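Only one chain is shown below, in structure tokens, and it's the form predicted on its own.
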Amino acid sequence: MKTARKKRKFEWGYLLLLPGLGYILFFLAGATGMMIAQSFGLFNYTAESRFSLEYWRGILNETFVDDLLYSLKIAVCASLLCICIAYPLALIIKKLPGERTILSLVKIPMFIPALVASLLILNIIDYHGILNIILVRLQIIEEPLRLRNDSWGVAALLIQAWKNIPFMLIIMYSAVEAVRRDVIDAARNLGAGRLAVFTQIIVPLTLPSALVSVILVFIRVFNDYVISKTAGPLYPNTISNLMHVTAYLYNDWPSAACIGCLMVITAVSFVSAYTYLSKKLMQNL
């Protein structure tokens, strides 16, 4: 009898999630359902609404493939660059005096809008920016570098790193700080050096947070629109820019919905594969 009452109370407890979780799921399901329906020609705002596969056949072209590969490239490179900087930075900040103040200052880029951040950094790395002026006067280079809208996406990568390193640093600093001091002291008492402590204690304990932070930054960069629009190459560009151009410039909303569906499928597939490989890596440590 007591078990039945506990079960009934537990089931009623799910209703407490409805105000927050229900709101999110309702709009998520509605937006996703509308996007899928539009990709097949239904709810078409600019033409006759009828079921058709022509939009899916038309969207799988060279431009889409190039933009998709570029989006994956810039997202993967930005994620790896951010973790390579944020991880050691978190370890260094933890040992510095006034670590809380330093951490607060490092968080400043998070409060700057992406468009503002992009324009600020472009003023530094542009053809007549501060960086090129210094390099030319020091005679390191003969003529200014063209980093803005370059074909390799260097400018976009630098801005993405500047914008996302503080976000990743918060996660990594919390993970590093959570490593218990007595565990490290015990390892040193047993003869472990600094390298052994780092590779055998700190890395295994903080690796889950590092893996999570990498995938979060990957999703943020993969879905980016503003930074790649202002600083990225003219062609190819991110898949988000292709979706925007298709919908607003060509007024082809069903094809834009197809691009949105493929973005979701790509992101989910990448995250699923990454999660699977991460679990395998954790099991081997």
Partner chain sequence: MAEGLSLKNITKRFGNFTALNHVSFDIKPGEFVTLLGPSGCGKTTLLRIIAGFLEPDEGEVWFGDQKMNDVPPHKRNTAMCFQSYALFPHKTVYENIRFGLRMRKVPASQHRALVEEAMAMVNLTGLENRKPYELSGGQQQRVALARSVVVRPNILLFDEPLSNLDAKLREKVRVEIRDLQRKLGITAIYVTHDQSEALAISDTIISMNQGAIIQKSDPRTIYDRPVSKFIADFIGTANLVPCTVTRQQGSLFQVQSPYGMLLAEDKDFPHDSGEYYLCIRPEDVRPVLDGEPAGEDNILEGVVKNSIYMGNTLDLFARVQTEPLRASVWKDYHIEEGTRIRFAVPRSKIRILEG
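This structure is a prediction, so every number in the text was calculated from the model and none was measured. Residue numbers count along the first chain shown, from 1.
This protein has a second form, the form predicted together with the partner chain, left out of what is shown; the following refers to that one.
Practice problem: Select from the listed residues 186, 136, 116, 80 the one whose heavy atoms reach within 4.5 Å of the partner chain in the predicted bound form. | Solution: Flagged contact: 186.
Quiz item: Which listed residue (146, 107, 94, 180) meets the criterion of a heavy atom within 4.5 Å of the partner chain in the predicted bound form?
Solution: Going through each option in turn, the one that passes is 180.
Practice problem: Answer for residue 131 alone: is it within 4.5 Å of the partner chain in the predicted bound form, judged on heavy atom distances? | Solution: Contact check for residue 131: no, nothing within 4.5 Å of the partner chain in the predicted bound form.
Quiz item: Does the 4.5 Å heavy atom contact test between residue 174 and the partner chain in the predicted bound form come out positive?
Solution: Residue 174 lies outside the contact set for the partner chain.
Quiz item: Would residue 140 count as a contact of the partner chain in the predicted bound form, using a 4.5 angstroms cut-off between non-hydrogen atoms?
Solution: It does not: once the partner chain is placed as it appears in the predicted bound form, residue 140 has no heavy atom within 4.5 Å of it.
Practice problem: Give a yes/no on whether residue 76 approaches the partner chain to within 4.5 Å in the predicted bound form, heavy atoms considered. | Solution: Taking the distances in the predicted bound form, the answer for residue 76 is no, it never comes within 4.5 Å of the partner chain.
Exercise. Please determine, with the chain shown alone, which of 146-154, 203-211, 108-116, 160-168 has non-hydrogen atoms within 4.5 Å of the partner chain in the predicted bound form.
Key: This holds for exactly one stretch, 203-211.
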